[in-house]
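Taking the form predicted on its own, here's one chain by itself in C-alpha coordinates.
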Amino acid sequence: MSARSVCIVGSGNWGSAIAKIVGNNVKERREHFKECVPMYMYEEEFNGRKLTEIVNTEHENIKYLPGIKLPENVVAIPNLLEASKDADILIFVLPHQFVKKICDELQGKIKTSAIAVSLIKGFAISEEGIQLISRLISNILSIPCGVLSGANLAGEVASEQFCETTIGSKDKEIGELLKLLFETPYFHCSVVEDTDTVELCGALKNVVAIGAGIVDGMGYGDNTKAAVQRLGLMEMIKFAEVFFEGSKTSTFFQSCGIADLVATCHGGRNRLLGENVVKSKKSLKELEKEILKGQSFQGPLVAKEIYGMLEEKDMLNRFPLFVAIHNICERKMDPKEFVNCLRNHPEHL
(Lines give C-alpha, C1' and ligand atoms only; values in the text may rest on other atoms or scores of the structure.)
Protein backbone atom coordinates (compact mmCIF):
# COMPACT_ATOMS: atom_id res chain seq x y z
CA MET A 1 0.00 0.00 0.00
CA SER A 2 1.40 3.40 -0.99
CA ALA A 3 1.86 6.17 1.55
CA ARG A 4 -1.39 7.92 2.49
CA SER A 5 -2.05 11.65 2.54
CA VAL A 6 -3.57 13.04 5.74
CA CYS A 7 -5.73 16.18 6.01
CA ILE A 8 -6.84 17.79 9.27
CA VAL A 9 -10.23 19.51 9.04
CA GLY A 10 -10.19 22.03 11.88
CA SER A 11 -7.52 24.06 13.60
CA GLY A 12 -8.66 25.19 17.01
CA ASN A 13 -7.25 24.19 20.39
CA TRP A 14 -7.72 20.41 19.99
CA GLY A 15 -7.11 20.50 16.23
CA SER A 16 -3.74 22.17 16.74
CA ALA A 17 -2.77 19.73 19.50
CA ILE A 18 -3.55 16.76 17.26
CA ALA A 19 -1.73 18.46 14.37
CA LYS A 20 1.46 18.35 16.46
CA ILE A 21 1.06 14.60 16.97
CA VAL A 22 0.14 13.80 13.38
CA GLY A 23 2.79 16.08 11.88
CA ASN A 24 5.55 14.41 13.86
CA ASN A 25 4.23 10.88 13.33
CA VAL A 26 3.98 11.09 9.55
CA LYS A 27 7.61 12.23 9.35
CA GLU A 28 8.71 9.21 11.38
CA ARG A 29 6.45 6.76 9.49
CA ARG A 30 7.03 7.79 5.90
CA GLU A 31 6.46 4.29 4.57
CA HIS A 32 2.82 4.67 5.66
CA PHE A 33 2.06 8.40 5.35
CA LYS A 34 3.00 11.34 3.15
CA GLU A 35 5.00 13.98 4.96
CA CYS A 36 2.96 17.12 4.16
CA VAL A 37 -0.16 17.51 6.33
CA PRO A 38 -2.65 20.11 5.04
CA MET A 39 -4.73 21.60 7.86
CA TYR A 40 -7.94 23.37 6.90
CA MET A 41 -8.12 26.61 8.86
CA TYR A 42 -10.99 29.05 8.73
CA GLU A 43 -9.33 32.33 7.78
CA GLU A 44 -9.36 35.01 10.43
CA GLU A 45 -7.14 37.84 11.51
CA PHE A 46 -5.17 37.94 14.75
CA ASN A 47 -3.18 41.00 15.77
CA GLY A 48 -3.64 42.41 12.28
CA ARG A 49 -2.29 39.33 10.46
CA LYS A 50 -3.92 36.35 8.81
CA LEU A 51 -3.84 33.40 11.18
CA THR A 52 -2.85 31.00 8.38
CA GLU A 53 0.17 33.19 7.62
CA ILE A 54 1.20 33.16 11.28
CA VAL A 55 0.90 29.36 11.50
CA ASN A 56 2.84 28.81 8.28
CA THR A 57 5.69 31.19 9.16
CA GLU A 58 5.94 30.91 12.94
CA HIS A 59 4.58 27.33 13.17
CA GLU A 60 2.40 28.17 16.13
CA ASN A 61 -1.34 28.75 16.50
CA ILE A 62 -0.90 31.76 18.72
CA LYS A 63 -4.66 32.31 19.07
CA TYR A 64 -5.88 28.84 20.02
CA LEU A 65 -2.78 26.99 21.28
CA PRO A 66 -0.12 29.57 22.18
CA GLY A 67 3.29 28.41 23.29
CA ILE A 68 3.21 25.12 21.36
CA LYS A 69 5.33 24.72 18.25
CA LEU A 70 3.75 22.81 15.37
CA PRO A 71 5.81 20.69 12.96
CA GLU A 72 6.81 22.58 9.83
CA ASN A 73 5.18 19.95 7.62
CA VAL A 74 1.74 20.98 8.92
CA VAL A 75 0.48 23.58 6.44
CA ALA A 76 -2.52 25.79 7.21
CA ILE A 77 -4.81 26.24 4.19
CA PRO A 78 -7.90 28.49 4.26
CA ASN A 79 -9.61 26.72 1.33
CA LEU A 80 -11.39 23.52 2.38
CA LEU A 81 -11.40 21.85 -1.05
CA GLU A 82 -7.75 22.64 -1.69
CA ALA A 83 -6.74 21.24 1.70
CA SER A 84 -8.69 18.00 1.25
CA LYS A 85 -8.41 17.25 -2.47
CA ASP A 86 -5.66 14.61 -2.16
CA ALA A 87 -6.59 13.26 1.28
CA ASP A 88 -6.69 9.54 1.95
CA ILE A 89 -7.44 10.16 5.64
CA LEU A 90 -9.64 13.05 6.81
CA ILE A 91 -9.39 13.99 10.49
CA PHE A 92 -12.46 15.95 11.60
CA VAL A 93 -11.72 18.08 14.65
CA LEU A 94 -13.97 21.13 14.64
CA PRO A 95 -17.05 22.36 16.53
CA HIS A 96 -19.97 19.96 16.04
CA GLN A 97 -22.30 22.65 14.70
CA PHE A 98 -20.15 23.09 11.58
CA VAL A 99 -19.82 19.42 10.61
CA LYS A 100 -22.82 19.15 8.30
CA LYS A 101 -21.94 22.32 6.39
CA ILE A 102 -18.34 21.17 5.96
CA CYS A 103 -19.42 17.70 4.79
CA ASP A 104 -21.92 19.17 2.34
CA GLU A 105 -19.05 21.17 0.81
CA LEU A 106 -16.86 18.07 0.62
CA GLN A 107 -19.54 15.80 -0.85
CA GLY A 108 -18.39 14.47 -4.22
CA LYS A 109 -15.09 16.41 -3.99
CA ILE A 110 -12.91 13.90 -2.14
CA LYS A 111 -11.40 10.53 -3.02
CA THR A 112 -13.99 7.76 -2.99
CA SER A 113 -11.36 5.56 -1.33
CA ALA A 114 -10.79 8.00 1.55
CA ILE A 115 -11.53 7.23 5.19
CA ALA A 116 -12.47 9.62 7.99
CA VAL A 117 -12.06 9.80 11.74
CA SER A 118 -14.02 12.09 14.04
CA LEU A 119 -12.39 13.64 17.11
CA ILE A 120 -15.58 15.57 17.88
CA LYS A 121 -17.32 15.01 21.22
CA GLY A 122 -21.05 15.49 21.09
CA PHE A 123 -24.09 14.69 19.01
CA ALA A 124 -25.44 16.28 15.87
CA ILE A 125 -28.82 17.55 17.08
CA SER A 126 -31.52 18.39 14.56
CA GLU A 127 -35.29 18.23 14.17
CA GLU A 128 -34.88 14.46 13.73
CA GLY A 129 -33.23 14.22 17.16
CA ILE A 130 -29.81 12.86 18.10
CA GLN A 131 -27.40 11.62 15.43
CA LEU A 132 -23.85 10.39 15.95
CA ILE A 133 -21.30 12.67 14.27
CA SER A 134 -19.45 9.72 12.72
CA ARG A 135 -22.66 8.51 11.08
CA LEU A 136 -23.41 11.99 9.79
CA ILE A 137 -19.94 12.20 8.21
CA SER A 138 -20.17 8.68 6.78
CA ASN A 139 -23.67 9.18 5.37
CA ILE A 140 -22.90 12.45 3.61
CA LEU A 141 -19.45 11.51 2.27
CA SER A 142 -20.15 7.79 1.65
CA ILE A 143 -16.88 6.76 3.32
CA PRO A 144 -16.16 4.84 6.54
CA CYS A 145 -15.66 6.99 9.62
CA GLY A 146 -13.99 5.96 12.88
CA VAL A 147 -13.86 7.93 16.11
CA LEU A 148 -11.21 8.95 18.63
CA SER A 149 -12.27 9.99 22.13
CA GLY A 150 -10.77 9.97 25.59
CA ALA A 151 -9.68 12.00 28.59
CA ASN A 152 -7.67 14.29 26.34
CA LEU A 153 -7.42 17.91 27.44
CA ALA A 154 -5.75 19.64 24.51
CA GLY A 155 -3.23 21.69 26.50
CA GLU A 156 -1.99 18.63 28.39
CA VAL A 157 -1.72 16.58 25.19
CA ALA A 158 0.18 19.38 23.46
CA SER A 159 2.53 19.56 26.47
CA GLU A 160 3.20 15.83 26.04
CA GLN A 161 1.74 14.82 29.42
CA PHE A 162 0.89 11.13 29.32
CA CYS A 163 -2.72 10.23 28.60
CA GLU A 164 -4.82 7.51 26.99
CA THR A 165 -7.41 7.66 24.24
CA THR A 166 -9.77 5.24 22.53
CA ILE A 167 -10.10 4.65 18.79
CA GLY A 168 -13.36 3.14 17.63
CA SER A 169 -13.41 1.44 14.23
CA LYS A 170 -15.67 -1.30 12.91
CA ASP A 171 -12.89 -2.21 10.45
CA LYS A 172 -9.86 -3.66 12.27
CA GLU A 173 -7.39 -2.65 9.54
CA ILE A 174 -8.59 0.95 9.62
CA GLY A 175 -8.38 0.92 13.41
CA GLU A 176 -4.75 -0.23 13.33
CA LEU A 177 -3.92 2.36 10.66
CA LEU A 178 -5.39 5.13 12.84
CA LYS A 179 -3.44 3.83 15.84
CA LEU A 180 -0.28 4.09 13.76
CA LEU A 181 -1.21 7.65 12.81
CA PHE A 182 -1.99 8.91 16.33
CA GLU A 183 -0.07 6.90 18.91
CA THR A 184 3.01 8.34 20.62
CA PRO A 185 4.83 7.46 23.87
CA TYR A 186 2.68 10.08 25.64
CA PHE A 187 -0.59 9.50 23.73
CA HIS A 188 -1.54 5.86 24.14
CA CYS A 189 -4.25 4.53 21.81
CA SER A 190 -6.49 1.52 22.40
CA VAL A 191 -8.59 0.24 19.49
CA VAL A 192 -12.10 -1.19 19.87
CA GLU A 193 -14.77 -2.11 17.32
CA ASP A 194 -17.61 -0.65 19.40
CA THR A 195 -17.50 2.69 17.56
CA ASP A 196 -20.96 3.93 18.56
CA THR A 197 -20.29 3.53 22.28
CA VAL A 198 -16.94 5.33 22.05
CA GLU A 199 -18.73 8.29 20.51
CA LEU A 200 -21.76 8.02 22.79
CA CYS A 201 -19.55 8.33 25.87
CA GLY A 202 -18.14 11.63 24.61
CA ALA A 203 -21.62 13.16 24.57
CA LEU A 204 -23.28 11.60 27.61
CA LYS A 205 -20.43 12.44 30.01
CA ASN A 206 -21.20 16.14 29.43
CA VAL A 207 -24.65 15.63 30.96
CA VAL A 208 -23.23 13.86 34.01
CA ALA A 209 -20.66 16.66 34.37
CA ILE A 210 -23.49 19.16 34.83
CA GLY A 211 -24.61 17.01 37.75
CA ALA A 212 -21.10 17.14 39.21
CA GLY A 213 -21.20 20.91 38.92
CA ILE A 214 -24.59 21.03 40.63
CA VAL A 215 -23.26 19.28 43.75
CA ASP A 216 -20.20 21.57 43.65
CA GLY A 217 -22.55 24.54 43.59
CA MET A 218 -24.49 23.11 46.54
CA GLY A 219 -21.28 22.90 48.55
CA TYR A 220 -21.04 19.10 48.70
CA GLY A 221 -17.66 17.38 48.64
CA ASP A 222 -15.87 14.65 46.75
CA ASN A 223 -17.95 11.81 48.20
CA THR A 224 -21.16 13.21 46.73
CA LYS A 225 -19.47 13.98 43.42
CA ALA A 226 -18.21 10.40 43.32
CA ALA A 227 -21.80 9.20 43.72
CA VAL A 228 -22.84 11.40 40.79
CA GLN A 229 -20.10 9.89 38.66
CA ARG A 230 -20.94 6.30 39.58
CA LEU A 231 -24.69 6.65 39.13
CA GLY A 232 -24.11 8.73 35.99
CA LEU A 233 -21.96 5.96 34.56
CA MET A 234 -24.69 3.42 35.30
CA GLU A 235 -27.23 5.55 33.46
CA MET A 236 -24.84 5.99 30.52
CA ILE A 237 -24.47 2.22 30.25
CA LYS A 238 -28.23 1.62 30.54
CA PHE A 239 -28.97 4.34 27.94
CA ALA A 240 -26.58 2.70 25.48
CA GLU A 241 -28.19 -0.69 26.05
CA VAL A 242 -31.66 0.71 25.36
CA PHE A 243 -30.96 2.96 22.38
CA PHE A 244 -27.77 1.61 20.76
CA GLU A 245 -28.08 -2.11 20.17
CA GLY A 246 -24.80 -3.99 20.38
CA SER A 247 -23.17 -1.58 22.82
CA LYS A 248 -20.54 -3.30 24.98
CA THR A 249 -20.21 -2.50 28.69
CA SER A 250 -16.44 -3.05 28.45
CA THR A 251 -16.12 0.04 26.24
CA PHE A 252 -17.21 2.24 29.16
CA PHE A 253 -14.05 1.20 30.99
CA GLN A 254 -11.83 2.51 28.20
CA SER A 255 -10.43 6.05 28.25
CA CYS A 256 -13.46 7.24 26.25
CA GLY A 257 -15.72 6.19 29.12
CA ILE A 258 -14.79 6.26 32.79
CA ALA A 259 -11.57 8.26 32.37
CA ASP A 260 -13.19 11.02 30.28
CA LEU A 261 -16.17 11.06 32.66
CA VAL A 262 -13.93 11.63 35.69
CA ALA A 263 -11.86 14.30 33.92
CA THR A 264 -14.96 16.18 32.75
CA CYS A 265 -16.66 16.01 36.15
CA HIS A 266 -13.65 17.70 37.75
CA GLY A 267 -13.11 20.34 35.07
CA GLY A 268 -14.56 21.63 31.84
CA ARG A 269 -17.36 23.88 30.79
CA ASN A 270 -20.32 21.64 31.60
CA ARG A 271 -19.23 21.16 35.21
CA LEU A 272 -18.85 24.94 35.41
CA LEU A 273 -22.35 25.35 34.00
CA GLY A 274 -23.82 23.07 36.68
CA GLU A 275 -22.14 25.07 39.42
CA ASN A 276 -23.41 28.36 38.01
CA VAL A 277 -26.96 27.06 37.58
CA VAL A 278 -27.01 26.63 41.37
CA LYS A 279 -25.25 29.88 42.27
CA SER A 280 -27.02 32.09 39.73
CA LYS A 281 -30.61 32.77 38.73
CA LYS A 282 -29.56 33.49 35.15
CA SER A 283 -30.95 31.54 32.21
CA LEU A 284 -28.83 29.12 30.16
CA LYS A 285 -28.62 31.69 27.38
CA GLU A 286 -27.34 34.32 29.80
CA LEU A 287 -24.79 31.89 31.25
CA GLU A 288 -23.63 30.88 27.77
CA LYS A 289 -23.10 34.52 26.89
CA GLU A 290 -21.23 35.14 30.12
CA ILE A 291 -19.10 31.97 30.30
CA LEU A 292 -18.73 30.88 26.66
CA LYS A 293 -19.09 34.29 24.99
CA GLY A 294 -22.21 33.14 23.13
CA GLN A 295 -21.23 29.59 22.20
CA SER A 296 -23.52 26.74 23.27
CA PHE A 297 -23.06 24.30 26.11
CA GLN A 298 -23.38 20.78 24.65
CA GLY A 299 -24.62 19.16 27.88
CA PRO A 300 -28.06 20.83 28.17
CA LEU A 301 -28.82 20.19 24.49
CA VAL A 302 -28.02 16.49 24.88
CA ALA A 303 -29.95 16.32 28.17
CA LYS A 304 -33.02 17.78 26.45
CA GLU A 305 -32.85 15.22 23.63
CA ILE A 306 -32.31 12.38 26.09
CA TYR A 307 -35.35 13.51 28.07
CA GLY A 308 -37.50 13.40 24.94
CA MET A 309 -36.26 9.93 24.01
CA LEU A 310 -36.89 8.59 27.51
CA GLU A 311 -40.32 10.21 27.70
CA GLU A 312 -41.31 8.59 24.41
CA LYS A 313 -40.39 5.15 25.79
CA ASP A 314 -41.97 5.88 29.20
CA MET A 315 -38.58 5.38 30.89
CA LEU A 316 -38.14 8.65 32.79
CA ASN A 317 -38.26 6.87 36.16
CA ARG A 318 -35.35 4.60 35.17
CA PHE A 319 -32.98 7.53 34.51
CA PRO A 320 -33.57 9.95 37.42
CA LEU A 321 -30.14 11.58 37.21
CA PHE A 322 -30.47 12.46 33.50
CA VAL A 323 -34.05 13.65 34.07
CA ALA A 324 -33.14 15.79 37.09
CA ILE A 325 -30.23 17.44 35.29
CA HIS A 326 -32.51 18.36 32.38
CA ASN A 327 -35.19 19.76 34.68
CA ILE A 328 -32.67 21.78 36.70
CA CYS A 329 -31.19 23.26 33.52
CA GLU A 330 -34.72 24.17 32.41
CA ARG A 331 -35.37 25.73 35.86
CA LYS A 332 -38.24 23.28 36.40
CA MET A 333 -36.65 21.68 39.46
CA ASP A 334 -34.95 23.14 42.53
CA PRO A 335 -31.27 22.09 42.58
CA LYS A 336 -31.73 21.31 46.30
CA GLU A 337 -33.77 18.27 45.23
CA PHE A 338 -30.89 16.83 43.22
CA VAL A 339 -29.36 14.90 46.10
CA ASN A 340 -32.73 13.19 46.70
CA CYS A 341 -32.45 11.82 43.15
CA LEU A 342 -29.12 10.29 44.12
CA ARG A 343 -30.41 9.02 47.46
CA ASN A 344 -33.47 7.34 45.91
CA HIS A 345 -31.83 6.17 42.70
CA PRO A 346 -33.18 2.79 41.44
CA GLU A 347 -29.60 1.54 41.37
CA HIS A 348 -29.88 1.40 45.18
CA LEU A 349 -33.05 -0.69 45.17
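Quick caveat: nothing in here was measured; it's all calculated off a predicted structure. Start at 1 and count along the sequence shown; that's the residue number.
One more form of this protein, predicted in complex with a further copy of the same chain, exists but is not displayed; see below.
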### Query
Hey, in the predicted complex, does residue 279 get a heavy atom within 4.5 angstroms of a further copy of the same chain?
no
### Message
When the contact criterion is heavy atoms within 4.5 Å, does residue 241 count as touching a further copy of the same chain in the predicted complex?
### Response
no
### Message
How about residue 333 - does it come within 4.5 Å of a further copy of the same chain in the predicted complex, if we only consider non-hydrogen atoms?
### Response
no
### Task
Considering only heavy atoms, tell me if residue 185 and a further copy of the same chain come within 4.5 Å of each other in the predicted complex.
yes
### Query
Pick from 113-121, 69-77, 168-176, 266-274: which stretch has non-hydrogen atoms within 4.5 Å of a further copy of the same chain in the predicted complex?
266-274
### Query
a further copy of the same chain isn't shown here, but in the predicted complex which of 125, 234, 180, 143 has a heavy atom within 4.5 Å of it?
234
### Query
Of the options 245, 222, 104, 82, which one has a non-hydrogen atom that comes within 4.5 Å of a further copy of the same chain in the predicted complex?
222
### Query
Hey, with a further copy of the same chain in the predicted complex, do 153, 157 and 227 all fall inside the 4.5 Å heavy atom range?
yes
#### Entry: Heavy atom within 4.5 Å of a further copy of the same chain in the predicted complex - qualifying residues of 156-172
156, 157, 161, 162, 163, 164
